[in-house]
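Just one chain follows, in the form predicted on its own, and it is written as structure tokens.
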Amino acid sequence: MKFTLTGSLGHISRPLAQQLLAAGHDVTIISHSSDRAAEITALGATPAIGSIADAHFLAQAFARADAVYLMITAAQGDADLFEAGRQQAITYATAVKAAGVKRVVNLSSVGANLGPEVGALHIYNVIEHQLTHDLPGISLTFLRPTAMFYNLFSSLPSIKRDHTIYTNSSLTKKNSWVAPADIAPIAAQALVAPQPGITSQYIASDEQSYSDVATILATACHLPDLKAVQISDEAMLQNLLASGAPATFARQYIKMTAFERDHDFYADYRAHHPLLGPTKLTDFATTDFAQAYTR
């Protein structure tokens, strides 16, 4: 079968491409950077170098594909997150229709079932609704992974400086986390053998509170005094702005984490609870995170 993947050689797209290629499928990988072309070719895939904002380019890259894997990249600068998501979904839908593709797998997120009250994650609700509206009759699979393990890298500076993870989230509520490696097999299955119609599927690897995370990282990094500390929404916002985060994103991120803290954010996730993947936070902590900490 022939598949086209967005996401270049990122955390999910690389292992997804490797799995599809190992199974004998024909894979095209879209990247905006020509520097990635040789590496994509070395994997055994076909590079398609261009912008995901260009519907004509995408239609050419999607041509003759049995299915496509779509994901959104971060909005640039201080752009309107939700309008950026809507526009990208429209561009994707335009290219899918022009290419005659009948199967789409979209990397969405936990929280996509919720509205603007969930802050930054509302972008995925916008994208899911736009693709559903614009692609009637297409097999649409929305993958909804939970918080990525690698999001914890954002706490490396404060861990190195203060031996502290600062968060405005609850320290004791169980959050759901996922390893990109555990997303790839589910994405591959959705591409190769999609469910008919419009479906969504949660993906998770582990469920740990921030206090649990601090304990796990303390062991992996040999920092017995490492702790998680809850700070106010305003203090967390100022931390994000000081780190260089765009103001619009920072405010929506704080809105997201405050909603997770104060409401039953995981209600729909629990109602459709996935089988947890094999990769645990302890695995990530003792390999990727510990290595990043010692660099």
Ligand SMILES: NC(=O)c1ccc[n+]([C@@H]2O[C@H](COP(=O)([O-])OP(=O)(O)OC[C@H]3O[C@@H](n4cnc5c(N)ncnc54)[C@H](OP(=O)(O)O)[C@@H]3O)[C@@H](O)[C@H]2O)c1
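Remember, predicted model here, so these are calculated numbers, not experimental data. Residue positions are given as counts along the sequence shown, with the first one as 1.
Not pictured, yet referred to below: the form predicted together with the ligand.
- In plain terms, the part of the chain that comes close to the ligand in the predicted bound form, with a heavy atom within 4.5 Å, is 28-36 out of 28-36, 243-251, 230-238, 264-272.
- Scanning 156, 148, 98, 223 against the ligand in the predicted bound form with a 4.5 Å heavy atom cut-off leaves one residue, 148.
- The closest non-hydrogen atom of residue 124 lies within 4.5 Å of the ligand in the predicted bound form.
- In the predicted bound form, the ligand stays beyond 4.5 Å of every heavy atom belonging to residue 41.
- Interface residue remark: residue 109 is counted as part of the site for the ligand in the predicted bound form, having a heavy atom within 4.5 Å.
- Proximity of residue 20 to the ligand in the predicted bound form falls outside the 4.5 Å heavy atom cutoff.
- Within 4.5 angstroms of the ligand in the predicted bound form, the stretch 44-71 places a non-hydrogen atom from each of 50, 51, 52, 71, taken in sequence order.
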